[in-house]
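Have a look below at one chain only, the form predicted on its own, in structure tokens format.
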């Protein structure tokens, strides 16, 4: 059966959500919705209202994950549900699509099936995970990490922000400190729709991407110790300049990533995204530098190859420049392949809906990375104009949102064993 998505209904939900935490900007649409803030409370409350209006039963777990379940008379409440969703929080001055598209596309799937007289054999659950973007209480993917057992509930609730406020306190203050815990192991399948945040789909003029693998991510912290000294009175041959050494490290990371792209994996990237120099004074030779390094790829071997080059570079800098170095690797996620079965279901749904689909990797992290450890998972992309995201200029055309949601609906209907009147 051909499913018809109500584009205006989907648009209204996303635009309304974009009003919470709205930030005035000259161009585009900006919102700042940090976990546990008033803007986050309003976004969650609106979602709960919409879930209940569509006859979904709403539950909120101990870390604020929101889940609404549609269990009509055709569905066996004892069977594992099909779950679909994303997140509502944002980065500072982020766009309106990143996260909310996936949540409200999930709700629109349920509404679309209801409008079509669908009779699913399984319940369908719409999920909004807590603190996906990170930045206030964690590095990101917090709600899904707790739900999948990567992080304990009490450990998460004790996390504090820069002002010493705990996650427990923030959720309690906003009325979203629930009980129990979502259990993705109890879902028969998970689907997430997200904006692509790249230009692959736009360049190919294809409205729906089907992710093959979500990139692995490694964060390294390199510390280079030199000797601070007077910038005017210290001769060039008498310096142990930590920042000059760090400049070589920055270029080495860039070269290593480009070599991997040329010889091994075109999706590999390496970035030195932060440099903290000490004492950070114009008239002092830098005595110490800490560099934050981000390495990503869909192949673990490629990531390790770039990190190995970092180690080799630091060893060379010790020999040639007389600095002392250390390297830590505090954050490390393996690449996550998506379910072949669900990917085929998405492609089949696209063919049935007359919507072209395209396989591609994801260079960004998503809650689906964690959920895929617990159950079969699929990640869909809708095109991003100019590849812009985490930015007020983030934009996905409404027709593309609807097309991706229509494909999502077909795949969810297949997983939920839907029959039609």
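Residue numbers count along the first chain shown, from 1. All values reported here derive from a predicted model rather than from experimental measurement.
Just so it is clear, the following notes concern the form predicted in complex with a further copy of the same chain, a form of the same protein that is not shown.
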- Contact label in the predicted bound form: residue 174 to a further copy of the same chain, heavy atom within 4.5 Å: no
- Going by a heavy atom distance of 4.5 Å, is residue 198 a contact of a further copy of the same chain in the predicted bound form? yes
- Message: Since only the chain is shown here, I'm wondering whether residue 251 would be in contact with a further copy of the same chain in the predicted bound form (any heavy atom pair within 4.5 Å).
- Response: yes
- Task: Report whether the minimum heavy atom distance between residue 284 and a further copy of the same chain in the predicted bound form is within 4.5 Å.
- Result: yes
- Note on the structure: Residue within 4.5 Å of a further copy of the same chain in the predicted bound form by heavy atom, from 333, 327, 116, 257, is 257
- Message: Under a 4.5 angstroms heavy atom criterion, identify the one residue in 166, 212, 341, 280 near a further copy of the same chain in the predicted bound form.
- Response: 280
- Stretch in contact, per heavy atom within 4.5 angstroms of a further copy of the same chain in the predicted bound form, of 389 to 397, 50 to 58, 36 to 44, 352 to 360: 389 to 397
- Message: Could you pull out the residues of 265 to 286 that have any heavy atom within 4.5 Å of a further copy of the same chain in the predicted bound form?
- Response: 268, 269, 270, 271, 272, 273, 274, 275, 276, 280, 281, 282, 283, 284, 285, 286
